[in-house]
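What follows is a single chain, given as structure tokens, in the form predicted alone.
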Amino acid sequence: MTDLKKHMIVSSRVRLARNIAKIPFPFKMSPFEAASVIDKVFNALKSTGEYNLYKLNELSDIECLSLKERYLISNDLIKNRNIGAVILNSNETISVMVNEEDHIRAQCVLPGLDINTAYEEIKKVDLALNSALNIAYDDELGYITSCPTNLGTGLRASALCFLPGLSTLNDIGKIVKSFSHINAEVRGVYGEGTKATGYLYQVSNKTTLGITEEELVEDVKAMVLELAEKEVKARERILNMCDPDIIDNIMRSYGILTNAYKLTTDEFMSLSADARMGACLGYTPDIDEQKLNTLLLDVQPATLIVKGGKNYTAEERDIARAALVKRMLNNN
């Protein structure tokens, strides 16, 4: 029997919200104050390594959308495009949004279940910021943030989970409901207010006040492992069912992915999810997890255009997407 835990945790993320004392929140700041915050944050980070600064008002719409597709910036930062910026390290595992909802939203994203390492990496960023800047902090409330739900640690830990078993058996709704009664949320791939696509769900803590950062990280890790065990049992049930329709759908999905001439984004997300499930259950050839994770980002519409260096029409984009997927999965 194949390893049923394979491909389950796509990535881990730890995010911190911080503000500089005595400077208005982004929704009230002047352009001069916004520019000053960008400079202060960028200079503070220089002690921790090499970073690149991108001011959103200097980027095209497509470039901004590509950054969002790759989980490096948010919709809120795009809305604050005239005053916002993002600071990235060389391999883009660390992203620091400036002048989003708060002055600073710093995150570290790593592959697999590696929340502890992501936390250690973002703490280095946090120490640099606290050393160089007058970060807003209250002895009772903790870090001061624009939204009260981020008061305290200002920390959100999360994991992007691939849950085809629970989704196929229609058990995911019960899981979401059960997690709502504890300090946890199960949401769509792009976070709050978004739907799950490709059997992908984001699991994170719900509150940040009244608990230490280390406790939050361990709590989220425990919740993800609990969810993983439920997913394993769901996959075992599917394997025991030997449902011809499920197996046929998996095989057809893999065949289309590796042979199609055109693919829309939605088609790729649906087909790749089924093919990945097939690999988990042993029905399809062993698909390289890293290739699928890379494709999840690279086939998105704006990212295809940015990486391809061409302003494709919708049809040209679908053709380019299919060619990229075929090349990656067929090892050509």
Partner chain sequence: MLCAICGKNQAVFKLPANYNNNLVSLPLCEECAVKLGFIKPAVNHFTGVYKTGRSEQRVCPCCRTTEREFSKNGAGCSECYKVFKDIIKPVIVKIHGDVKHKTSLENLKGDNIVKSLEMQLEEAKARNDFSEAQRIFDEIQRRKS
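Numbering follows the first chain given and starts at 1. Predicted model, so just to flag it, every value in this text is computed and none were measured.
Note that the form predicted in complex with its partner chain isn't included here; everything after this is about it.
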Its partner chain isn't shown here, but in the model of the complex which of Ala34, Leu65, Ala273, Ala279 has a heavy atom within 4.5 Å of it?
-> Leu65
Check each of Leu295, Ile305, Leu45, Ile287 and return the one that places a heavy atom within 4.5 angstroms of its partner chain in the model of the complex.
-> Ile305
Contact segment among 84 to 92, 253 to 261, 145 to 153, 231 to 239, judged by heavy atoms lying within 4.5 Å of its partner chain in the model of the complex = 145 to 153
Looking in the model of the complex, any heavy atom of Asp248 within 4.5 Å of its partner chain?
-> no
Do Asn57 and its partner chain come within 4.5 Å of each other in the model of the complex, heavy atoms counted?
-> no
Indicate whether Glu50 is a 4.5 Å heavy atom neighbour of its partner chain in the model of the complex.
-> no
Verify the contact flag for Asp243: yes if a non-hydrogen atom of it lies within 4.5 Å of a non-hydrogen atom of its partner chain in the model of the complex, no if not.
-> no
Using a 4.5 Å heavy atom cut-off, are Ser178, Gly198 and Ala323 all in contact with its partner chain in the model of the complex?
-> no
Hey, which residues along 304 to 321 are within 4.5 angstroms of its partner chain in the model of the complex, non-hydrogen atoms only?
-> Ile305, Ala314, Arg317, Asp318
